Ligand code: 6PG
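Just one chain follows, in the form predicted on its own, and it is written as structure tokens.
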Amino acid sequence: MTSQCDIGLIGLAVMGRNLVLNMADHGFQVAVFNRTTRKVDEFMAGDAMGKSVVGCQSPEELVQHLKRPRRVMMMVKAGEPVDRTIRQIALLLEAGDILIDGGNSYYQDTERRIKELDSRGILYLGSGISGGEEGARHGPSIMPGGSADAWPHLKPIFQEIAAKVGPNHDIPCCEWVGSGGAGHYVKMIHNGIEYGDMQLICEAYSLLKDGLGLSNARLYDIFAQWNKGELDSYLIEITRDIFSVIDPETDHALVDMILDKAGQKGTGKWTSQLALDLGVPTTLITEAVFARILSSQKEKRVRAGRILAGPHGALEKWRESVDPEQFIDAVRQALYASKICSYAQGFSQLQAASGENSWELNYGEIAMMWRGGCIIRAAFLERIKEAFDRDAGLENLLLDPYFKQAVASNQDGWRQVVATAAGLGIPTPAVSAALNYYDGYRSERLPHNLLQAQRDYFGAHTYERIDRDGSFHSDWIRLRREPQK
């Protein structure tokens, strides 16, 4: 049997199939296998017919078709399915061969797998891939990390099939991220920011639809306009499109027929959990995760809505006095300023994780990897690249001159929106969290001197002083004074 294939791919769900077709379109020969071999047959008789794809009925056959060093990419569900596939395939590989996990694996699982396979001389990559089925087919964002010796063998393939950006569309949205689980960690932060972006857009939608009472047609026009300016992004674009879709079964807008219960696969939750471990205030993403959880409690919310009261008559009075166009622009300002805070938090967490794990991440390159192909692709990622080009050690995106000015010029509308939402009883957890983060981050003094006093009072946890160094404890009960009469 001739070993002619450049790479093998295991897992022919939508992402796997489309990556194979993308590779074949770019001149690579791909061997494919799926645990349910019927899917191999269907793929070969369908989309892969006539392309440089070899269907295999067993892992052994797949490996036999591969050039050395053998490159095997797994597109299977994270967790035990990845470990199971590794156990099966690793037995067929030799020292110097390469395994790639293209799913959304937890970064510490990736680090464990690198160590386990290193003892056998097998190189391992944890490579985050974003862009959904469209990106996989026509050019995704790819974030490879792991065994550095494997990267030269994958670079020609990954950079060729990745999305391209830049003035000449020649900069691939794929670059080496770092050692260990760096690639999957960066993909996790991408997904966390995605959670935040989507929640922010949903809150803007709620303010315009439930607040101003705008029609879906009007919302389409607003999001179409926003997509021509600083909010230009994939998520704004698809949100615009959603408002134009009619449900063929009911002749109503399809978005209005969808139950308000959001799902999640865990990457947003991981982002929040790891932020707590690092001591990084990734508050907006965390609120976005909690918002999805609250949305899933539909039955409880329905029962509570029959019992709990909001501000009586506030919406009607507000609609009589508000200038709709002015408020629409205020929502735009709030959305943009909050989006900046979301990315600021995400990159701050990347910086903390990079220091903790000695990854030496390149934040400008990460911004460009996210500029095209992925779900959070947005025009303003080029501004993030420029910010880190100006200052590679930038402590927080909010401190960059461009973003400092952008937030300053949008914060009046931002504050108006948060105050209005509170007055109307419209929940805006992510927009409010972003503003609270901004105000907390710019505050030279916070009220936590009192919190430290409380901790020392009840638990002798000690405190620091403003007038001298050291750790102190006070006998609060002895020192307290009765109020003067």
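Everything numeric here is computed off the predicted structure, so don't read it as measured data. One rule holds for the numbers: they count along the sequence shown, beginning at 1.
In what follows, reference is made to the form predicted in complex with the ligand, a form of this protein that is not presented.
S.K.: Quick check on this chain: which one of 413, 364, 132, 180 has a heavy atom within 4.5 Å of the ligand in the predicted bound form?
M.R.: Answer to the contact question: 132.
S.K.: Identify, from the list 194, 101, 203, 287, the residue with a heavy atom within 4.5 Å of the ligand in the predicted bound form.
M.R.: Partner contact (heavy atom, 4.5 Å) among the options: 194.
S.K.: Among 312-320, 75-83, 123-131, 109-117, which stretch has residues with heavy atoms no more than 4.5 Å from the ligand in the predicted bound form?
M.R.: Only one stretch qualifies here: 123-131.
S.K.: Flag residue 390 as yes or no: does it have a non-hydrogen atom within 4.5 angstroms of any non-hydrogen atom of the ligand in the predicted bound form?
M.R.: No - in the predicted bound form, heavy atoms of residue 390 and the ligand never come within 4.5 Å of each other.
S.K.: May I ask you to check whether residue 292 falls inside a 4.5 Å heavy atom distance of the ligand in the predicted bound form?
M.R.: Flag for residue 292 set to yes.
S.K.: Using a 4.5 Å heavy atom cut-off, state whether residue 371 contacts the ligand in the predicted bound form.
M.R.: Judged by the heavy-atom cut-off of 4.5 Å, residue 371 is well away from the ligand in the predicted bound form.
S.K.: Using the partner position in the predicted bound form, report whether residue 187 sits within 4.5 Å of the ligand, counting heavy atoms only.
M.R.: Contact with the ligand, yes.
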